[in-house]
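Heads up, the chain below is alone and in the form predicted alone; it's given as structure tokens.
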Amino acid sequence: MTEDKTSIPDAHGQKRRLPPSRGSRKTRQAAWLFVAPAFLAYAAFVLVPLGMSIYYSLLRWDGIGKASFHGLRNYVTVLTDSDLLQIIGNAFQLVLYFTLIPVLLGLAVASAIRSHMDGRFGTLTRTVLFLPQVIPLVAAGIAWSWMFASTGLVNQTLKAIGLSSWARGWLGDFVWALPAVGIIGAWVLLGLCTMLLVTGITKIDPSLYEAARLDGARPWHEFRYITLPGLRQEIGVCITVTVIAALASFDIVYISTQGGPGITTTVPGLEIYRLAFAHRQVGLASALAIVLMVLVLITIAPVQWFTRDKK
């Protein structure tokens, strides 16, 4: 056993903690000096705006004139207004596309190219799938708007294979506009999820797969009992990033549909922008922003708990 040098026995035989040494105080002071710049930046760009948003959410203010205290009525409006509830629901529907499709396809691709990581096939696959990540979201939204247009590539392809009845103006359809936006988001996030999962799968010991094959395990068993547990943390990161992207989406929706038709593709991020800058309801916009932040935290917390390292 090592001797505890941070305490000494007193006259009654009980241990009494020693005051911190001069060296340890200097170490802590030096640590705070290193932490201070990052903390100041975090406070300036995160904590202060968050506090201001909470303050504004309690006001009735047009952003220019005199503000009046409004209490929690802005929050009541957010949680009872049917249009705002539908807008929040739209964001959660996008989670199905932004999260499920990239994560499931990423797992499939990572498993398929696991044995070809160092070959040209693996390199080419990773490059092609990661390309959407380096394309600006505005450019991606414009390109997909062209493809989803009435005379765009999607409808031309459907007509070419004999499915003319399926052709429609996807982004202007009340039923299909939101799924079309979801497909755009899934395409953008697929490369990121695939790269994270491919990187994670390289950390799994290859001998586990060899032992499983010697025991007669099939590919599905290898995937279920080796790949999935080994990628627990990477899957958690993918789900966290994609859920936040869905709930806080703005640019893709703004470029492709501007929230239409009606409010079928309007999401909280876009509605916050409209309320604050078009309708001059800064208090209501701030309340919606705070509610959105709480929903993101509530949604992400179980994912973080379930996918954390169990060791």
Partner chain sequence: MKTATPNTLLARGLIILLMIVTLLPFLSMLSAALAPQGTYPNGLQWPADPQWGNFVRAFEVARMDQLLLSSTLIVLGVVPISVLISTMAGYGLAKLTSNKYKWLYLVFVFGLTLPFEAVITPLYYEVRALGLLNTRFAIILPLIGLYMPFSVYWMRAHFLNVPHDLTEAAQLDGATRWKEFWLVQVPLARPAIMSLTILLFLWTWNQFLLPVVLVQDPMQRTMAGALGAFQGQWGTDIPLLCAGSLLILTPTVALFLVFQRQFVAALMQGAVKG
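Here the rigid core means the biggest group of C-alpha atoms that line up within 1.5 Å when the two forms are laid on top of each other. Numbering follows the first chain given and starts at 1. Bear in mind the structure is a predicted one, so any value in this text is a computation, not a measurement.
There is another form of this protein, the form predicted together with its partner chain, and it is not shown here; the text below is about that form.
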query: In the model of the complex, the one of Ser165, Ser207, Thr127, Thr80 near its partner chain [non-hydrogen atom within 4.5 angstroms]; finding: Thr127
query: Option touching its partner chain, based on a heavy atom within 4.5 Å in the model of the complex, out of Ile142, Ala211, Leu104, Leu85; finding: Ile142
query: Contact of Ala44 with its partner chain in the model of the complex (heavy atom, 4.5 Å); finding: yes
query: Partner contact for Ala278 in the model of the complex: its partner chain, 4.5 angstroms, heavy atom; finding: no
query: Phe69, heavy atom within 4.5 angstroms of its partner chain in the model of the complex; finding: no
query: Partner proximity in the model of the complex: Val76 to its partner chain, non-hydrogen atom cutoff 4.5 Å; finding: no
query: Heavy atom distance at most 4.5 Å to its partner chain in the model of the complex, all of Tyr56, Ile135 and Val282; finding: yes
query: Stretch from 172-180, 151-159, 89-97, 222-230 whose residues place a heavy atom within 4.5 Å of its partner chain in the model of the complex; finding: 151-159
query: Its partner chain in the model of the complex - contacting residues of 61-87, heavy atom within 4.5 Å; finding: Trp61, Gly63
query: Post core alignment: Gly65 C-alpha displaced by 2 Å or more between the shown form and the other one; finding: yes
query: Rigid core superposition, Ala41 Cα moves 2 angstroms or more between the shown form and the other one; finding: yes
query: Per-residue C-alpha change between the shown form and the other one, Ala278, threshold 2 Å, rigid core fit; finding: no
